[in-house]
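One chain comes next, on its own, written as structure tokens: the form predicted alone.
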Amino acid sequence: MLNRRNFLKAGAGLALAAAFPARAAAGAGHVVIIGGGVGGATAAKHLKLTNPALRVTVIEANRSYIRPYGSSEVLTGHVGMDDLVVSYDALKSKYGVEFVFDTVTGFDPDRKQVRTAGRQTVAYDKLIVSPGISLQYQAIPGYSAAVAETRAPSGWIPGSQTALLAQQLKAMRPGGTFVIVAPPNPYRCPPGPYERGALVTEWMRRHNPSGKVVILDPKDSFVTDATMQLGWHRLYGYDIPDDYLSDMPADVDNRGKPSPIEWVRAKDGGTTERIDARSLTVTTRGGAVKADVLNIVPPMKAGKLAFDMGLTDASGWCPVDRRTFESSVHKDVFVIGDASIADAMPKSGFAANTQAKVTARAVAAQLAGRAPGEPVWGNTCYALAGSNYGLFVADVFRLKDGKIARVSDQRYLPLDASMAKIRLGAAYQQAWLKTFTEDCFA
């Protein structure tokens, strides 16, 4: 494992190896992208759409992508792990994007080169980095990567932990408790922990009707909180807290009866202090909570590669020029997606996608000797309170006083929306999973 100093030091020897691929001919340009997730794939596609003469190379460790968006549906069996796998074939054959399937091990910003584990040296004119997130398992006393792989999965980066969590849910004893530990802000996919709780609750009503979901939260609110709780109320008999009731529709009627889903906010003692992995017990400020299945979504920072490349600041995220997402640390290096500091924009797949499009145009403009245009970004996060109960948050962002600011007014599905619109929202969510993937990768 390379630390940041050794990682950058490795770049000092890059010029000793033959550069591969070489920079493109003058007048076009070679853009190298590290990371083939939503941000990196979208940037590659839109660079080629903006200027087909550009040479675009993606360096990615894996030969296919496993999408995190929609991955909670693996837990309930609506989709399988294979359904999350996305191919890079269209980017290669349709758009002419080149791929180097390898891991970056060195970076020389002065010579504009990166080095891979396979000892390839890749030169660039512009470099786009989409490093994603790293899960800070160690931030919760008693938790670790080893515990996440064996006893208390996170599954926030889909893979073996997602499959393990699905197995644990199906094997849970009748009347058991599925505990979700939600993360502090900022984190990837703001509605995600609460959608996961809802989908597990719906599944248990059919397969383990005496089971319960408890969401332990270090926050007092979350994106889509009012609309999500309204869905929980209608579907699962959840009592909405008093401080949310004033805006609720007239049909809301708290019954004071136990619900199969419970949200414990910070103000109610929901902040996790430590876990006991052996007994699956979470100690919170409000007391101890015993789980039969424990799903922990830990705090997050930028992906490890961002730290190795020296792209982060003291916050653990990557500062950028808001107009282009060019790194504030290294010239001609751009950081997009969850790892970037993007002010009001959330850390979501849609945000990474729209950042990638704007940055691709800015990079192409710079290579052509033009000034980038005025950026506009968007974001939409769909979520489910149940398989037929859809909701969303949607925003438009522009630059304001040098920061990315939200300029949209109506963000959420209205609380008085008809059930027809709510069912349509669920249909939109399923359609979005397909069309969004196509927009990024096909």
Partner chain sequence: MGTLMKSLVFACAALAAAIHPAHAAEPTGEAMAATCAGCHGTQGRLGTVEFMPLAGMAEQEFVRAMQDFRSGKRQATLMGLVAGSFSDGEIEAMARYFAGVKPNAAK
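Numbering follows the first chain given and starts at 1. As the structure is a prediction and not an experimental result, all values here were calculated from the model.
The same protein also exists as the form predicted in complex with its partner chain; that form is not shown, yet it is the one meant from here on.
Chemist: Would you kindly say which of 28, 415, 396, 66 lies with a heavy atom within 4.5 Å of its partner chain in the model of the complex?
Modeler: If I apply the 4.5 Å criterion carefully, the residue I get is 396.
Chemist: Residue-level contact is defined here as any heavy atom of the residue lying within 4.5 Å of its partner chain in the model of the complex; does residue 55 satisfy this criterion?
Modeler: Contact check for residue 55: no, nothing within 4.5 Å of its partner chain in the model of the complex.
Chemist: My question is simply whether residue 405 lines the interface with its partner chain in the model of the complex - judged by any non-hydrogen atom within 4.5 Å.
Modeler: Output for residue 405 is no: heavy atoms all beyond 4.5 Å of its partner chain.
Chemist: How about residue 354: is it within 4.5 Å of its partner chain in the model of the complex, going by heavy atoms?
Modeler: Flag for residue 354 set to yes.
Chemist: Residue-level contact is defined here as any heavy atom of the residue lying within 4.5 Å of its partner chain in the model of the complex; does residue 62 satisfy this criterion?
Modeler: Residue 62: no contact with its partner chain in the model of the complex.
Chemist: Any residue of 361 to 391 with a heavy atom within 4.5 Å of its partner chain in the model of the complex counts; write them all down in order.
Modeler: 361, 374, 375, 376, 377, 378, 380, 382, in sequence order.
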